[in-house]
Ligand SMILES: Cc1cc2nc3c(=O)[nH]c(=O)nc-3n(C[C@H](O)[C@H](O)[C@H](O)COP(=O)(O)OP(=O)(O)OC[C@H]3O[C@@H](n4cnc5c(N)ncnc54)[C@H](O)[C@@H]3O)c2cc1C
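Before any questions on binding or motion, here is one chain by itself as structure tokens, the form predicted on its own.
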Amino acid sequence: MAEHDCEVLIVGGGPTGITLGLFLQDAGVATIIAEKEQDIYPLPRGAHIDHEIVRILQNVGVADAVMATSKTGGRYEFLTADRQILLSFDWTEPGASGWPYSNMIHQPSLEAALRKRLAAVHGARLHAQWAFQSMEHDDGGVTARFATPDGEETIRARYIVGADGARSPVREAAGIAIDDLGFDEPWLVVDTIVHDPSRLPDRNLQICDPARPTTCVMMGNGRHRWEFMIKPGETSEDVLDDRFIANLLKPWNVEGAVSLERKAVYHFYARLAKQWRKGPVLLAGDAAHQMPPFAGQGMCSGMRDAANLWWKLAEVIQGGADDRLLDAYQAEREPNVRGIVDMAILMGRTVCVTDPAAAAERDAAMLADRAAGRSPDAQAGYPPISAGRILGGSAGAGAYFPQPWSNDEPALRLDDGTGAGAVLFSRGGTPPAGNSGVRVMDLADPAIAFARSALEGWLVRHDADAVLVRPDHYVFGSGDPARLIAAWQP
């Protein structure tokens, strides 16, 4: 450690970077976070997180604070220009984590909760107004240079994680190329403060109107968002004019019910970095992948990156695992992200039809499918982990493991009883974990007594005596408990 200022240097203090920093701090990994801005961006950007992300926030100690400023997503509907339902997704039931399946957030409030938690714990350090300039890396780690208010600063670390956004100076400095998946649409984003919620839609909407494809979604902390596709010939100056925006909002009859908070023009892209790891350089969040917003999974994907990556770094740095374990990061995460991007592109191409004849053909086909019961209305499912740190061939390997809750008030939750890290649940006796880093829990353990029925049900369905769950809540494998412990060894 003497030659390093920290073990992990994270560039970017957004939700992905701070979440990763909190996980690493909890694991005892010396971490520095460098953020180019002085403060949290005060206006909304991301609007949605799903139940898995709330569980991640639970694990870093901020779920309750974030949920206090959020609202349940409810339903998500794709409508024709005359408001017939093309698709309807029901987001009213809890997800496998026990948290609401869909949650509409206020990003500044979420980031404030993460920053407050970071300030309250000992370990990870956040340096604001540190702008990444360059880096060099060798077998011993990375040396990165930053422009700061006090002049140039240099940080030496074993690993650097670029969580620094879509333009990612870290990615550029590493020479990592981007794979463009062929989606590029300009949209006007209008965020408002709500004064009379009774006059606003009670669900999230995609208006598939060829005259002007439009998104209308709820947000947390008393906000509501509209997004309007920009037509050919319209300039940014045109669409950002307050009178132009007022005219777009007029059909919604919300004058006096909302006031304008933010307006911005965005290009919705679909892109993936070709490498998520290059030696000691790793990418996470928008630096590794960008996607259209129609599936509401941009921020979610970055926070899943953090949950996947932290324990691999900890095992290499502290547990003596081979550095090649980090190669599993992209192998595990990229198929999931590609599945989400494909879904978002499909949704976007459904919405972004501006030719009236093509839109009429789309509507007729989708309405017919809906009438015949063939409409794909369901909670979205994305690829599980199929390669990497899993025990291939065992039942459930790579699947997301549920989190049972008690019926008490306040509710007890499985992760609160197990703590962080890998855990083995066994109904056939508990073998010694040794120095494997796995917490071994018999289903009769009082700490998880409230979850016994649900856990036993999982094991029965998978015909297994035990299941080993990774720190990111994905199943490593199931079967004989001693075999699972042995297979988990780094």
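Residue positions are given as counts along the sequence shown, with the first one as 1. Note that this is a predicted model, so its numbers are computed, not measured.
One more form of this protein, predicted in complex with this ligand, exists but is not displayed; see below.
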Handout entry: Whether I390, P404 and G479 all lie within 4.5 angstroms of this ligand in the predicted complex by heavy atom
Key = no
Exercise for the section: Mark A131 yes when one of its heavy atoms lies within 4.5 Å of a heavy atom of this ligand in the predicted complex, and no otherwise. Expected result: yes
Problem - R55: touches this ligand in the predicted complex, heavy atom cutoff 4.5 angstroms - result: no
Problem - 4.5 angstroms heavy atom contact with this ligand in the predicted complex for E456 - result: no
Problem - Partner proximity in the predicted complex: Y266 to this ligand, non-hydrogen atom cutoff 4.5 Å - result: yes
Problem - Candidate stretches 335-343, 244-252, 364-372, 284-292, one within 4.5 Å of this ligand in the predicted complex by heavy atom - result: 284-292
Problem - Answer option from G220, G348, G396, P169, heavy atom within 4.5 Å of this ligand in the predicted complex - result: P169
Exercise for the section: Name the single residue among T80, T215, T192, Q107 that comes within 4.5 Å of this ligand in the predicted complex, judging by heavy atoms. Expected result: Q107
Fill in the blank from the handout: Of the residues spanning 42-79, the ones with some heavy atom within 4.5 Å of this ligand in the predicted complex are P44, R45, G46, A47, H48
